[in-house]
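Listed next as structure tokens is one chain, alone, in the form predicted on its own.
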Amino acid sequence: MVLIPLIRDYIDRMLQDISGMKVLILDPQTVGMVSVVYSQSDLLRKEVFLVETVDDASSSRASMAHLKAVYFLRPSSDNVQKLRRHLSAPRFAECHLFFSNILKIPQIQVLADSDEQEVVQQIQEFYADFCAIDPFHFTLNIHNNHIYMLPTVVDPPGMQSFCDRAVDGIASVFLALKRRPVIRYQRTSDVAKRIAQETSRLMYEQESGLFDFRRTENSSLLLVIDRRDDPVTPLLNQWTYQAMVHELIGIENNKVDLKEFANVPKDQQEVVLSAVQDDFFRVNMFENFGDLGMNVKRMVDDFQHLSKSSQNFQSIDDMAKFVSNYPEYRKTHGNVTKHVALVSEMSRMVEERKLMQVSQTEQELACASGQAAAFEAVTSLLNNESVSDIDRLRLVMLYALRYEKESPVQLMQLFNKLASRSAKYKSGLVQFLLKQAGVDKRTGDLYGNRDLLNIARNMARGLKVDTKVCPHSYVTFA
């Protein structure tokens, strides 16, 4: 599955057939979708000389009749209303409208009625309603996705909005791939069931013609499962490059903000980590931290050798060669500086927060057995001044998930210790995790310690196939 080329192809098709100087108008969501796969240099090569958000374009009244406007927006009601106002008093010579997902007939009618000056040249659907962070992974950037853990009655509009966005994103991915999948979902999860059934309804009933692609030899499978069946994995510290940057520093739409770190050069305070634009990152994004350090050292050594050779001019030809290669030299210099800064900061954090010791205990809680030894190890780390509040909380959560039924007295002692050691800890947070993802809520045999009777029960629960799609049951284990 190659998601980035799919999005790039859509953007190429938007821009290359429209000649002349252009302005690209995006909404807050499509800004991220475009920025992770297309650079400013790429846009300039397509004669895009200005990029605006739809909100900025709404507030400006300056005429730009020399530009052709290319809109790329999500087909939300809010965006359609903003477009309606743009078309009623157009600033641009032409308007080319592209939407990232399925546009409803009433929305098209609203836009047609608003285009009294006939500046709209085309309206198309380009199914890029997701953020392709690398060739095999995408995100929908749903920042309030925790809402699915709350009872539906708490915030029905919020839950519906969450489900609608998930269904729209999933549908867009499969439209871009030109596939209609078999859909399976975790029957014990209400939200998984709801998303799977609404996706099935869209693909097989409401828009069945749109998803009527030629059958392939290998059918696609959409598996909708609930994170609550494996709450352990996201609580563990990670040790591969991309995951560590995300965990320790933070990365959003492939951008890393380093402004808070004192030892980072000013020109490296916001950097891009893209598997498309950065060869070193593409090769090392899944390397473990030890191998990464060796690879960074090798890259620095290669660059030092290049720097020495570039300073040794023996002739005019050598100088001319250096000048012609200078842009590539600058790019390499920036890449080396970026990765050295990132690895240096992460090394510092690993040392200061004692993450090696923390991670060892985390792995033992996740994979080994021995309640007494685990209690002693967690207590020792809670008392360690170098361990951060977030790592203390994770350790107690991991212990609670593993031993919630075996040692309630020791668990209460850890709750009290956590409350006394971590000022930011909110009472009841670990208990809420157990209520949502404890042993009574999980379907699978997460720790491999359930008896045969419970495993037999799981086989009767498992995952259910949407009967509209495939009329048989399927079982999976965590």
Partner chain sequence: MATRNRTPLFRKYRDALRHVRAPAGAPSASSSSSSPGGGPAVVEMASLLRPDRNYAPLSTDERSLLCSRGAATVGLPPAWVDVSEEISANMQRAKTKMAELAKAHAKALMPSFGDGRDDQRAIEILTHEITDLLKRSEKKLQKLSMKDSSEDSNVRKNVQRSLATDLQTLSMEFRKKQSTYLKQLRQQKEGQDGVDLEMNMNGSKSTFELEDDEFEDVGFTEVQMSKLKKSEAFTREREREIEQVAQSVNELAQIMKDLSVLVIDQGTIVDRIDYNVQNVAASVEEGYKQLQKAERTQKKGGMVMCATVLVILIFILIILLVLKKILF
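Residue numbers count along the first chain shown, from 1. Not measured: the values here are computed from a predicted model.
The next section is about a form of this same protein that is not shown, the form predicted in complex with its partner chain.
Peer 1: Could you check which residue among Glu118, Asp389, Asp301, Asp164 gets a heavy atom within 4.5 Å of its partner chain in the predicted bound form?
Peer 2: None of the others qualify; the residue that does is Glu118.
Peer 1: Of the options Met159, Leu223, Ile123, Leu382, which one has a non-hydrogen atom that comes within 4.5 Å of its partner chain in the predicted bound form?
Peer 2: Of Met159, Leu223, Ile123, Leu382, the residue with a heavy atom within 4.5 Å of its partner chain in the predicted bound form is Ile123.
Peer 1: With its partner chain left out here, work out from 347-355, 235-243, 281-289, 208-216 which stretch has heavy atoms within 4.5 Å of it in the predicted bound form.
Peer 2: Of the options, only 208-216 has residues within 4.5 Å of the partner.
Peer 1: Given that its partner chain is not shown alongside this chain, does Ser420 nevertheless sit within 4.5 Å of it in the predicted bound form, heavy atom to heavy atom?
Peer 2: So Ser420 does not count as contacting its partner chain.
Peer 1: Would you please decide whether Val409 lies within 4.5 angstroms of its partner chain in the predicted bound form, comparing each non-hydrogen atom pair?
Peer 2: Looking in the predicted bound form, residue contacts with its partner chain do not include Val409, since no heavy atom lies within 4.5 Å.
Peer 1: Can you tell me whether His137 touches its partner chain? I mean in the predicted bound form, with a 4.5 angstroms heavy atom cut-off.
Peer 2: Heavy-atom contact with its partner chain at 4.5 Å: absent for His137.
Peer 1: I'd like to know whether Gln109 contacts its partner chain in the predicted bound form, with contact meaning heavy atoms within 4.5 angstroms.
Peer 2: Yes.
Peer 1: Tell me whether Met149, Ile170 and Leu248, taken together, all sit within 4.5 Å of its partner chain in the predicted bound form, counting heavy atoms only.
Peer 2: Spot residues vs its partner chain: no contact at all.
Peer 1: Though the partner is not shown here, which residues of 2-40 have a heavy atom within 4.5 Å of its partner chain in the predicted bound form?
Peer 2: Read in sequence order, the residues that approach its partner chain (within 4.5 Å, in the predicted bound form) are Leu6, Asp9, Tyr10, Arg13, Gln16, Asp17, Ser19, Gly20, Met21, Val31, Val34, Ser35, Val36, Tyr38, Ser39, Gln40.
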